[in-house]
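So this first bit is one chain, no partners, the form predicted on its own, shown in structure tokens.
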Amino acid sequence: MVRVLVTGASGFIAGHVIRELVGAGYAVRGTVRGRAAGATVAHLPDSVELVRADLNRDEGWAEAVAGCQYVMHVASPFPARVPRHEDEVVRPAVEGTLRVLRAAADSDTVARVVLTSSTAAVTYGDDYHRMPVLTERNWSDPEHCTAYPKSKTLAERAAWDFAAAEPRVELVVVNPGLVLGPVLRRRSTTSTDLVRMLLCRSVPGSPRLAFAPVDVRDVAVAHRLAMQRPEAAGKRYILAGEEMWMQDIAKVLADEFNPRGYHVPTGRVPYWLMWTIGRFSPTIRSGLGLIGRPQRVSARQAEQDLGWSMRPVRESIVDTGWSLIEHGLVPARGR
């Protein structure tokens, strides 16, 4: 049976990637940073083999890739708040990516590495306001990035540089937008926290924030296709739908959940109020620099090369909300 290594197995995207791979008949090994126990991995299929490996350490990676034909490098820091120093995010992202790639290159079995990057590595360049739509040809400028997009940009750049110098590594990169969809355990992610805050009325309304949403289940399918399709080698793939403003996401949630006892705020919130709230909320503070910034990207290359498609974004938003309720991350009301 073909074996695939998935890094960061307890994570939101990784959990769905693992389910997709197991459902497609692959044997899966997943990495965890510490002792794998309890709720952090209870949502994973029983067949998954778990091993310890840390992005900040060399130990464990050679053993993790041993006997694997493919590697899905999904693990990367995604902070819910602004870090004290960008190196808290940038260093493990870049150095961890290189550790995984070196282990793959040194193995006798790995044929391809699929790296999970982000549209954050695409949309922070000088050209974001000049071009109607950004594609895989566009890159973020680290000089214009906060910690998280800088970490994704530098990690992906480092991966491509490594692959160019090391012919034994066949690299494919996927760049998801705002990843929504059902959570698999009682833990809200940085991306699904947007839906949680609206359902809990943690914010009084929506600032002018734009997103390019994608469903985590579709992202998982794209990982599998990027691994399987020969024509994907050496390419990066944007995985995201059309631009959607936070206020539009709030209206979708209100349509579904307000009749069930929720009171999703659908009004617009001015910048000055968000700045005030951000003094007390690290999550809000981390998004202030994105207000008014467009998120227009194209997933056409993934559709053409991989035969990939997205489910309707309303389904992704609504399913996110219900999963947060079912896992107790949002208080249950009438259904």
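For every residue, the number given is its place in the sequence shown, counted from 1. Owing to the predicted nature of the structure, the values given are computational and were not obtained by experimental measurement.
Omitted here: the form predicted together with a small molecule. The next part is about that form.
At the 4.5 Å threshold, heavy atoms of Ser191 reach the small molecule in the predicted complex.
Within 4.5 Å of some heavy atom of the small molecule in the predicted complex lies at least one heavy atom of Leu178. Interface membership of Ser118, defined by any non-hydrogen atom within 4.5 Å of the small molecule in the predicted complex, is confirmed. Contact annotation: Gly205 falls outside 4.5 Å of the small molecule in the predicted complex, judged by heavy atom distances. This chain is displayed without the small molecule, yet in the predicted complex the stretch 55-63 from 55-63, 292-300, 264-272, 22-30 comes within 4.5 Å of it by heavy atoms. Just one of Phe257, Trp139, Tyr148, Trp245 comes within 4.5 Å of the small molecule in the predicted complex, counting any heavy atom, and that one is Tyr148. For the candidate set Gly125, Gly241, Pro92, Pro182, a heavy atom within 4.5 Å of the small molecule in the predicted complex is found for exactly one residue, namely Pro92.
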